[in-house]
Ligand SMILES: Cc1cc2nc3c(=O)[nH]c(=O)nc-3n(C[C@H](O)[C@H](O)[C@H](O)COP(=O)(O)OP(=O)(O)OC[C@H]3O[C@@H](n4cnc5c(N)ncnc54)[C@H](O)[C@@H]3O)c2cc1C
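What follows is a single chain, given as structure tokens, in the form predicted on its own.
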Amino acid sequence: MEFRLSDEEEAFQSAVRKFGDKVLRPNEKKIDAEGRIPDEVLRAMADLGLLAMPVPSEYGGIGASAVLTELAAEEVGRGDFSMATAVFFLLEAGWGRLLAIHGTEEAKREILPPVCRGEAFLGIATTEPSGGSDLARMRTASRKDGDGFRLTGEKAFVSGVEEAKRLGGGHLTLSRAAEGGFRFTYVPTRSEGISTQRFENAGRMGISTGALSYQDARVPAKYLVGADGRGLEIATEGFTVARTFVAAACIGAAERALETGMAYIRERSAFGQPLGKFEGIQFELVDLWTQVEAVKWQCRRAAWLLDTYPLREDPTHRSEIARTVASVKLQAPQIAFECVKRVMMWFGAAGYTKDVGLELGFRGIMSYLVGAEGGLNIMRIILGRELLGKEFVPYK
């Protein structure tokens, strides 16, 4: 693995950082307060090639590598500290990539170009009211119906339910197939037989979270993703990719928190000297910076593995990829949250105000601790399985 970025990668990373500084940061409080990402921000992201960037150019993307997408995710997480734009970005990137690989030609040409232009939303719907990570016991069911399928059930804690209604688009949806196995289908949210409900989250307010209810909703056969009956395997592939980008966004947020904190402790004085001279703070900074650097390069390695050993082509490397991705998804949100928390404490009472802005990250990063794209204990279960063997998985 080459640790030095190519000239093209450095240039792209620089361009996305400038975008974050000039477009995302000035809008982050507005995004949080108004509960949506402005259309002009989405257009600017599309113009830069950020939306669903791994999608091949023939479907509207830029055919970006996982490494390039990981770099962009870091910068988006750094730019909008609330994490709302990062969630939008990683959903389009991770699941757009999967649809480009496993979708039908008709579906790809219909769905992906408007997603890449910021004119439609693409998300994932697997979690249900009765449970999230235990996908094998889901209740949402689908059955064949002529040249398509009928879908009945409910999904919960789904990101982008309002965006899919407002912009158009839908979610890649996992269901239990009446004929056996699991079925993965793209389901447009505006379809007949689908209703939505919005939840009120504590953070990342700029992207909606809610529920989708399917009352015998019809899904055309062209929206089947991958082989019928193999939906669980395909969805798992998508989560592996999306978790890498989640970790990258958390790393970007962690770096921004530390940069904010370092600027403050250089200038703020107490007892006649800058706060940064006090070992209690200086050593804390060093420990946090070291942890961020370590997980950043492990995340970069995860992206490199995805580029080098595609899951669908090289099953011998699946365990290595699973271990690496689970480890960064386990560590990055925790480290990012700790960075924000500690820097808030360096600021004292000011850190608890909205004026400083650290609370945006405090609320947003928490979503990745409690479960988005897989909770921390699920990552531990994956790692335990890969280290000890499937017989040590605590469920059947």
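The first residue of the shown sequence is 1; numbering continues from there. Please read these numbers as outputs of a predicted model, since none were measured by experiment.
Here the subject shifts to the form predicted together with the named molecule, a form of this protein not shown in this document.
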**the named molecule: the contacting residue among Ile234, Val158, Val295, Ala303 in the predicted bound form [heavy atom, 4.5 Å]** = Val158
**Request:** Identify which of Thr240, Thr324, Thr209, Thr189 has a heavy atom within 4.5 Å of the named molecule in the predicted bound form; exactly one of them does.
**Result:** Thr209
**Item:** Which of 180-188, 271-279, 252-260, 199-207 sits within 4.5 Å of the named molecule in the predicted bound form, heavy atom basis
**Value:** 199-207
**Prompt:** Is there any non-hydrogen atom of Ser14 lying within 4.5 Å of the named molecule in the predicted bound form?
**Reply:** no
**Request:** Considering only heavy atoms, tell me if Thr140 and the named molecule come within 4.5 Å of each other in the predicted bound form.
**Result:** no
**Message:** Does any part of Ile382 reach within 4.5 Å of the named molecule in the predicted bound form? Heavy atoms only, please.
**Reply:** no
**Asked** Would Ala84 show up as a contact with the named molecule in the predicted bound form if we use heavy atoms at 4.5 Å?
**Response** no
**Asked** For the stretch 339-353, which residues lie within 4.5 Å of the named molecule in the predicted bound form by non-hydrogen atom distance?
**Response** none
